[in-house]
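Next up: a single chain in C-alpha cells, the form predicted on its own.
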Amino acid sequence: MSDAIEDFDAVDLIRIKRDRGELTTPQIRWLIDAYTRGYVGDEQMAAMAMAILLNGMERREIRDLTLAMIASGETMSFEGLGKPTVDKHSTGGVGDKITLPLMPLVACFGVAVPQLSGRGLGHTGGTLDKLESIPGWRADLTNEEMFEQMRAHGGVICAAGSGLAPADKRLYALRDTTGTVEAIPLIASSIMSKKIAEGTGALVLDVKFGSGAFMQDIDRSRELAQTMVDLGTDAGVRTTALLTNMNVPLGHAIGNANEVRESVEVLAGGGPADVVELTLALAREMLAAVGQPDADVEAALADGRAMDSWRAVIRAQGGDPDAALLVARETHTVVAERDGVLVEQRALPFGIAAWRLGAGRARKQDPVLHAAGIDLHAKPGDAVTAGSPLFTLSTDDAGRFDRALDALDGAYRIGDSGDPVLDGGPLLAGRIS
C-alpha cells in the first residue's frame, strides 16, 4: 500500500457506496488504513457505515474489508505448537456460558484451543467477566504465556491483544453509537478479522437467532453465518457454523459467578440439558474440523478428563478452582401465581433484567457485580404449581430489583396443559459449511 494518504478522497468513496456502487480493492484498503491513522474522521466513517448498512456489500468487498482490517495490526501463528488449533466464536446471547466447559473439553483431545474472548456490553454477558468471578484468575496474558499454556494444557481463555485488528476496535465503537451495529458486512468483517489474525487453523461459529440474540431473525442469522464461513474459507481457515436458538435463556443461570457454577456442573457430568447439548455439539464440530470426527466427547465429560483440564487451565491463569464464588447479599424470588405450565420465557428481557441487577455494563469502563444475576427454577414446558419458584434475582443492591422486575413484565407466561410452548423450536437449527 502506498504511504500517500491522498490516494483517494473519503467523500468520493462515501458517494459510491451511497449510490449503491461497488468499492474497489485499493479503495477499501486505503479507507481502512486512512481511518486507522486518523486521516479519515469518525464522521466520515459513520457515513460510510450507514451506507453499507443500507446498501450492503458484495462478497469480494467484504473479503477486502476483512483483509484490510487484518492488515491494520499484527497477526499470530500457532504453527510452532506441534498440534492442530481450533477456536469457537459465539455471536452471544443470554446465559451463553458455553466457552467455559467447551474449551477444556476439546483440549482433552490433544488439540490447542486459543479462545481469545471479550467482555460483555449490554444484555449479552462476556466470557472474561464470568471467569473473573474466580478468585485470582487473570485475563491478560502475554503471547508467550498464552503459547506456553496451550503447550502445557491444550487451551487458554484470555483477552485478545490490542495489536489484533486495531481498525476493528475503532470501527466497532463507532458502530455502537451510530445505529449501524446490524450491518452484516460490518459484523462479519469485525468477527472474522480478529479470528483470522489470531491464526487459528479451524474455526466453528455459533450463530444465534431469536429473542435474546444479536440477530433475532433466523434468515438474517443464516446470512451472517454464510458470510463468515465464506470469509474464513477464502482466508484458508476451515470454517463451519451452527445456527442455534436463543429465544429462551440458555441453561438456568444468567450472570457471572452463577454461570461459572453451572459450567462446573456440566464439567462434573451434570448441568442443564440444553447447555450440555450445545457444548457437545460444538465440541464434535471443532474436533471434526481438526480430523477427529469420532472423538468420544461424552466420555470425556463423564470420566473427569474435561474437569481435570478445566482445573489445570484455571490454575495456569492464577485462579483457584476450589475457591468459593461470590454470593449476592440480596435475593428476590418470583413465584407462580397459579398452577399450570410455563409456556413462555423470552430471553431478551431476562438478559436486560440481569444487566440491571449489575451483571452487565452500559459502558466498557463500567464494573460488573460478579454475584449479580438470575437463576431460573423452571423452563418452558415445565409444570408449575401456585407458589412454586419461577426465578430468583440476585444483587448486592436491593434498590436494583424494581427496575429488573420492570424489564420482566410480560416476559414469561403460565398457561394450561396442552397450550403451545413458545420456545422457538429445537436448540440446533442448522449447519453451514
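Throughout, we count residues from 1 along the sequence that is shown. Bear in mind that the values here come from a model prediction, so they are computed numbers and not experimental data.
What follows is about the form predicted in complex with ligand URA, which we do not show.
Contact between residue 78 and ligand URA in the model of the complex is not found at the 4.5 Å heavy atom cutoff. Of the heavy atoms in residue 190, some are within 4.5 Å of ligand URA in the model of the complex. Using a 4.5 angstroms threshold between heavy atoms, residue 194 counts as touching ligand URA in the model of the complex. Contact check for residue 283: every heavy atom lies farther than 4.5 Å from ligand URA in the model of the complex.
In summary, among the residues 137, 214, 109, 147, the only one with a non-hydrogen atom within 4.5 Å of ligand URA in the model of the complex is 214. For the residues 97, 346, 356, 175, the 4.5 Å heavy atom test against ligand URA in the model of the complex is passed only by 175.
This chain is displayed without ligand URA, yet in the model of the complex the stretch 167-175 from 149-157, 167-175, 110-118, 338-346 comes within 4.5 Å of it by heavy atoms.
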